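This document starts with one chain, in the form predicted on its own, laid out as structure tokens.
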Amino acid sequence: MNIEHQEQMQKVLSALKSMTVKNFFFVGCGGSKAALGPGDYFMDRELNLPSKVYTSNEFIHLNPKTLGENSVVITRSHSGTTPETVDATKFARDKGAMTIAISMDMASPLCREAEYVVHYNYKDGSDAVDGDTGMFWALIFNIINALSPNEKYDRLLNQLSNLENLFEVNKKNTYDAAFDFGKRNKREKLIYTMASGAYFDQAYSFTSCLLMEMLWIHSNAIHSGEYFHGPFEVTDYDVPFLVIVGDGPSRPLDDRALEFAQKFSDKIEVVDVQKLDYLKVDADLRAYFGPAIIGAVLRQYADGLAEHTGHPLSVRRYMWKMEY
């Protein structure tokens, strides 16, 4: 982690240690909201403090009663210009909450509105530990370690330096599968995704941002635990699913859903987290690294679809082209 990022992290941690934290809120829109999801999941597992993820506008309109001077509100926007998230940050700060903004642009409206900033590097050739995933993982586990110290978090933070290699090795390992998926599904107008636990937000991001926004493919993110409570009725031999089988406590939910789906659909793509290459990551820390690696792997699946459909991921109909 570069010096600038270390200094930002220390300011956040010093502020946390000077207050009595009662709750956490994660606030963002679209892919930024989805990227915050694993933070909420890990805090829920590791801390005796409540946390919740909100879409930015709902956060303002709902006006949670527990939001106040003992709250920590973490907002995120890639560009730092998402109006709803900028407004949510101001709203939280006016309520007396500690606000932490995450963005690639330090000069953005979001970063100017927040009390504390965590900046990440983007497409500048720097190491992944200083990128969006590396900085967010560092923020979350530094916070967890500050509030509930444990030597495993120290090891985890040290091993984040491996992130670049983890991404590159696993992208290489899944390249053929991802581009074969793109070839087989290039004419599909609908692809469902399914996951649970720390991976559900990755499935949602793949569905909402990559398939629907960038590739114009109809989709829905189905929680593996909810599959049998309605969604499984759409399963048929010609209905494609991409299923993320996780490695955390909810893996039995994924296994059960996958077993059923494979009985009736001939178009099941399995991304099994246990088959990832964790290199030098300690065995007891793999469940913390898996959701980070899967993000890079799923992006490659989108690249495979883009290659074979001839639809670049950068093409939009409405976004950034009109007022909405």
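Since we're looking at a predicted model, the values are computed, not measured. Residue positions are given as counts along the sequence shown, with the first one as 1.
Only in words, not in the display: the form predicted together with a further copy of the same chain, which the text now covers.
Option touching a further copy of the same chain, based on a heavy atom within 4.5 Å in the predicted bound form, out of 197, 134, 182, 109:
Exactly one listed residue reaches within 4.5 Å, namely 197.
Check each of 299, 256, 286, 267 and return the one that places a heavy atom within 4.5 angstroms of a further copy of the same chain in the predicted bound form.
Exactly one listed residue reaches within 4.5 Å, namely 256.
In the predicted bound form, which of 168 to 176, 118 to 126, 242 to 250, 90 to 98 comes within 4.5 Å of a further copy of the same chain (heavy atoms)?
The contacting stretch is 242 to 250.
Mark residue 209 yes when one of its heavy atoms lies within 4.5 Å of a heavy atom of a further copy of the same chain in the predicted bound form, and no otherwise.
Yes, contact at 4.5 Å.
Determine whether any heavy atom of residue 44 comes within 4.5 Å of a heavy atom of a further copy of the same chain in the predicted bound form, and answer yes or no.
The answer is yes: residue 44 has a heavy atom within 4.5 Å of a further copy of the same chain.
Does at least one non-hydrogen atom of residue 64 fall within 4.5 angstroms of a further copy of the same chain in the predicted bound form?
Residue 64 belongs to the contact set for a further copy of the same chain.
With the partner left out here, check for me: in the predicted bound form, does some heavy atom of residue 143 sit within 4.5 Å of a further copy of the same chain?
Judged by the heavy-atom cut-off of 4.5 Å, residue 143 is well away from a further copy of the same chain in the predicted bound form.
Let me test this: is every residue among 10, 295 and 303 within 4.5 Å of a further copy of the same chain in the predicted bound form, going by heavy atom positions?
No residue of the spot touches a further copy of the same chain in the predicted bound form.
Within 199 to 229, which residues have a heavy atom closer than or equal to 4.5 Å from a further copy of the same chain in the predicted bound form?
Read in sequence order, the residues that approach a further copy of the same chain (within 4.5 Å, in the predicted bound form) are 204, 207, 208, 209, 212, 213, 216, 217, 218, 219, 220, 222, 223, 225, 226, 228, 229.
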